[in-house]
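Form predicted alone, single chain, as structure tokens, below.
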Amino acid sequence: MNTVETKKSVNANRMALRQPNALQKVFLSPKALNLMYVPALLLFALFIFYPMVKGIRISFTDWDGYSPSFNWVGWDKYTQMLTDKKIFITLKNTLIYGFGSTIFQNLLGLIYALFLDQKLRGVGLVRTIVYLPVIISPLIMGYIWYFFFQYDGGAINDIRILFHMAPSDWLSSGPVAVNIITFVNTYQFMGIAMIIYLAGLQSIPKDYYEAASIDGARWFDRFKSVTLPLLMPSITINVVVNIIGGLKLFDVIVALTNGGPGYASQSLSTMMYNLYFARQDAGYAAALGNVMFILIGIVSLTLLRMLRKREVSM
């Protein structure tokens, strides 16, 4: 074999080594990128889809949550809600937590964002202070505020006594407790709304404000005609996220009142928890959880669709 033939043989072997085999062709193809979804889909199926299907199945039984045996009862657990006196006050509280928290979180978050969007000293410190409660566990936040509102030794009552005023049992009244829970939830998560609004404000081109100022528009006119329409994507995100968080509120309620006094401040989440662990009625708890899922889905998707229609492009 001469030198030329040897070189050709070596080059042919190199080309053969460089060409991918059938398995490599599969993984190197553009369609193989879809395989990246598989781990996420498996996790979703294991921790979201399977428990959801299991919950739907349990809602048609009288399972107590512990016994290996159960009986099929059909739609009895769902029709039981129509005669349950607790469900209506619980549903009302849930809507107050959802819509009340959403309104105040967005209002205060927007005010803070408008203020912090200015070139002022100490803006970074204020942002940190407002956002700081977000990183605290909601359960811990609830216990922190409990030490403010509790009757014996509460910070607010100690201040009232200092000024010769009678202490007040803030959490013994159902409506007052609901308002306090809404306030605590608003206080903790308005920092998220502030950050999203701040990002939205900083993405609006300054040219629009300059053009409006040349036309003689005042601050409120610029806010109404320029800022608010271009801020609609941020409003959409905040409203949908806040309404979902408010409607499924649980931790703060457990820490402050545990749904009391009685069941005057409980939400659908805490009622579901008590049904499962206190009353050992897993079937009713599962049915209530399914109804809560449908309620949150309807409310959030409706608001998302309504707000998306009001969004404008820059």
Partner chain sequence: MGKNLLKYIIIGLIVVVHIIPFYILINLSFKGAGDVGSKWIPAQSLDFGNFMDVWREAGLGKAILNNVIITGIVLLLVIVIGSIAAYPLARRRTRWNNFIYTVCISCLIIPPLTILVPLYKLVVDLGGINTYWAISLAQVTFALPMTIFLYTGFISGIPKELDEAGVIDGCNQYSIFFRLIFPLVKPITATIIILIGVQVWNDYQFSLFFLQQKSIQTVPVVLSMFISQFQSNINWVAAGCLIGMLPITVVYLFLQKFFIKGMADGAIKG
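Residue numbers count along the first chain shown, from 1. Remember, it's a predicted structure, so these values are computed and weren't measured experimentally.
From this point on, the text means the form predicted in complex with the partner chain, which you will not see here.
Trainee: Among L95, I159, I204, I87, which has at least one heavy atom within 4.5 Å of the partner chain in the predicted complex?
Mentor: Looking at L95, I159, I204, I87 one by one, just I159 meets the 4.5 Å heavy-atom criterion.
Trainee: Name the residue from F163, F147, W75, W72 that puts a heavy atom within 4.5 Å of the partner chain in the predicted complex.
Mentor: Exactly one listed residue reaches within 4.5 Å, namely F147.
Trainee: Based on heavy atom distances of 4.5 Å or less, which listed stretch (217-225, 98-106, 195-203, 174-182) is in contact with the partner chain in the predicted complex?
Mentor: Within 4.5 Å of the partner lies stretch 195-203.
Trainee: I48: heavy atom within 4.5 Å of the partner chain in the predicted complex?
Mentor: Yes.
Trainee: Is F60 near the partner chain? Define near as a heavy atom within 4.5 Å, in the predicted complex.
Mentor: F60: no contact with the partner chain in the predicted complex.
Trainee: May I ask you to check whether P167 falls inside a 4.5 Å heavy atom distance of the partner chain in the predicted complex?
Mentor: Flag for P167 set to no.
Trainee: Residue-level contact is defined here as any heavy atom of the residue lying within 4.5 Å of the partner chain in the predicted complex; does L303 satisfy this criterion?
Mentor: So L303 does not count as contacting the partner chain.
Trainee: Can you tell me which bits of 223-248 touch the partner chain in the predicted complex, meaning any heavy atom within 4.5 Å?
Mentor: Result: I237, I244, K248.
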